[in-house]
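Below, in C-alpha cells: the form predicted alone, a single chain.
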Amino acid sequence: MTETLIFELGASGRTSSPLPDCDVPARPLKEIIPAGLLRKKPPGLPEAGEAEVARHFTRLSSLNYGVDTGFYPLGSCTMKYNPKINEYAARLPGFARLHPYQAEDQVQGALRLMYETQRYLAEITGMDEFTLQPAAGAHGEFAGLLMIKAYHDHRGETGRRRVVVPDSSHGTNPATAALCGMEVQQVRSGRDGTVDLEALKDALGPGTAAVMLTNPNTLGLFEREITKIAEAVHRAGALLYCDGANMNAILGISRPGDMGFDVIHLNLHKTFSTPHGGGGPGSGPVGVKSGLAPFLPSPAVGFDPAGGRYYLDYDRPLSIGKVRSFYGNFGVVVRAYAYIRAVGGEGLRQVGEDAVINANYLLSLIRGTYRVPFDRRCMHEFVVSPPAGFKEAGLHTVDIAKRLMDYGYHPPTVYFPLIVEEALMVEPTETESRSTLDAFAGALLEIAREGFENPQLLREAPRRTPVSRLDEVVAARKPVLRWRPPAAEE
C-alpha cells in the first residue's frame, strides 16, 4: 500500500476558487527577471480542487505518529505525553505576541518568568546559575564546553584541551567537543555497564579540560561511583560536565550538583513537557556552579530587589557572549515554567519515581525472552538484545523494530548505545499506564514467537503501513527528496 500523491490526484485544468484577473498593468517578465532565470515551461504544480487538497493533507496528518496518538518508547528521548494546559499557557497573547526588542519595562512579566525558571532549574539540579539561551541539548553542550574552555583559559591553563567521554556516551558529546576545538578521548565501560573508574583515572592528566557523563547513563544505569569520579576529575584540575538528557529519572530524588558536577544542560523539550521531534522546538538551558557563573552567555536575566524590576544584564566582561539570537526559545520556557508550577516539588519527584517504576516493570515482563546485557535494576530506560537464536535465524533488531510498526507502535531506539550488540533501547516514561506497558510487552513477546516460527514474517515487516520496508542503504545514499513526474510526462 502506498500513499497517492497530490500530484496524482489532480487533472489538467482542475482548480479551486479562481482569482479574478489582475487589474494592474503587467510588466514583461524579462524586464524584472534576467532571461537566464526565466522558466522555459510552467513549473508543473498540482492541479486539484480544494476538497481534494483538504482531504489529502488531512489524511496525511492522520498517518503521523506522535505522543498524542500512541505509545512512543524511544529510548533516551523521553517522549512522554505533554499536558495541553502548557500549550495554552505558551499561546497566551501576553507571551505569544511579545517582540524580543520591546523595552524592558514592557516585558516585566516575561523577564520574571525567565528569571524564576532559572531559579527553579538551579534548585532542581543543585546548580547556582542558569542561562536559557541554548536552543537544544547539543547547543547547551556547545555553550557549556565554551564556558569550560574560557574558565581554563582565564586561569592561564590554556593547554587543557582534552575532553574525556565514556564509550556509552551520546554521540553529541564527542561531536560537540570536536566542534569546540577539543581533543576527544574515550574510556571504556566496566563489566557492569558503568564507567570503569580506573580507566578514567588513567585518562586524566594536565591536558584534561572536562569529563562528560550522563547520569543515569545511556544504558539506563546509575553511576554508583559518581562521587569518586567527581573527586578524581577535580583532583586532576578538570571539570565534570553532566549531559542532562536523562534527568527525567532523578527529578526530585537526586541533584547533579550534589554529585559533584560543575556544569549541566537540560532538555526542556524532554524532561519539562514540551513536545519535540522532527527538528524542534527545543531548549537546552545550561546550569553552572558559582565558579563558572561569570562565563555564562550574555545577557543574563537579573532582578533588582531595590527597584523591584527584572532586567537584562549585559555587563559581563568574562561572558562567552551570545550563543543564540535574542534570549532563547521563549515559548518552550513558558511551557516548562507552567509544567514545574503545576506539578510542584512533590510532583517532580513522582515523575522520577514513576518513570523508574515503569521501566523496571516493563523490563520484568520481557526479561527471559529478550537478553539483558547488564541485568540489574535500571532507571528510566533499559537496553535489551533480541532473543537468543535470532541471529542464527538471520534476524536482527531492525526486524523487531519494523514488525512493531505492524502492531501499531513506534519502534524504540535501535543499535544504540554502540557497546551493546543489536541494541534495543526502551524508555516508557512516567505517563504510560500499566495496561499500555502490558500490551507493548505482549507485542514484543509475540514478535519473539513469530521470529522462531515464521522468520520471513519479520524480514518482510512492516506489512500494514502505507509504505513497506525500504532499502535503507539505497535510501541513505540516493535519497528521493522531491516528487518528479513519470519520464513520459516530462
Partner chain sequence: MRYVLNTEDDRREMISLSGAGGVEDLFGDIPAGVRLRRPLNLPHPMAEPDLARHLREISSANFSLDEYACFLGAGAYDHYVPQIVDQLLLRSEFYTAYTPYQPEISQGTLQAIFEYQTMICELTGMEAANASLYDGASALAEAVLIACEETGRKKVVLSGAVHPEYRGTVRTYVKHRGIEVAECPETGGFTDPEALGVLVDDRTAAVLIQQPNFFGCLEQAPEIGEAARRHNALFVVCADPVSLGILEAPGEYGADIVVGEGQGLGNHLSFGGPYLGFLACRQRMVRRMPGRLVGQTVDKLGRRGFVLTIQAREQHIRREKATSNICTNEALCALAAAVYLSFLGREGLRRLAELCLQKAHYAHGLLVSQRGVSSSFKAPFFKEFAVRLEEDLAAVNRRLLKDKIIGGLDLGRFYPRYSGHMLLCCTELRTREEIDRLAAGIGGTVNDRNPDF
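So that the term is clear: the rigid core is the largest set of C-alpha atoms that superpose within 1.5 Å between two forms. The structure presented is a predicted model; accordingly, all values stated were derived computationally and were not measured. Residue numbers count along the first chain shown, from 1.
Below, we turn to the form predicted in complex with its partner chain, even though it does not appear here.
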item: Sole residue of 229, 379, 420, 300 within 4.5 Å of its partner chain in the model of the complex, by heavy atom; value: 379
item: Position in contact with its partner chain when the complex is considered in the model of the complex, options 366, 296, 210, 249, heavy atoms within 4.5 Å; value: 249
item: Exercise: residue 105 in contact with its partner chain in the model of the complex, heavy atom 4.5 Å; value: yes
item: Any non-hydrogen atom of residue 195 within 4.5 angstroms of its partner chain in the model of the complex; value: no
item: Distance check, residue 449 to its partner chain in the model of the complex, heavy atom within 4.5 Å; value: no
item: Contact test in the model of the complex: residue 375 vs its partner chain, heavy atoms, 4.5 Å; value: no
item: Heavy atom contact within 4.5 Å of its partner chain in the model of the complex, the stretch among 105 to 113, 386 to 394, 302 to 310, 236 to 244; value: 105 to 113
item: Within 124 to 152, the residues that have a heavy atom no more than 4.5 Å from its partner chain in the model of the complex; value: 124, 135, 136, 138, 139, 142, 146, 149
item: Threshold 2 Å Cα movement between this form and the one not shown for residue 65, core superposed; value: no
item: Residue 48: Cα shift of 2 Å or greater between this form and the one not shown (core-aligned); value: yes
item: Residue 39 C-alpha shift between this form and the one not shown of 2 Å or more, rigid core reference; value: yes
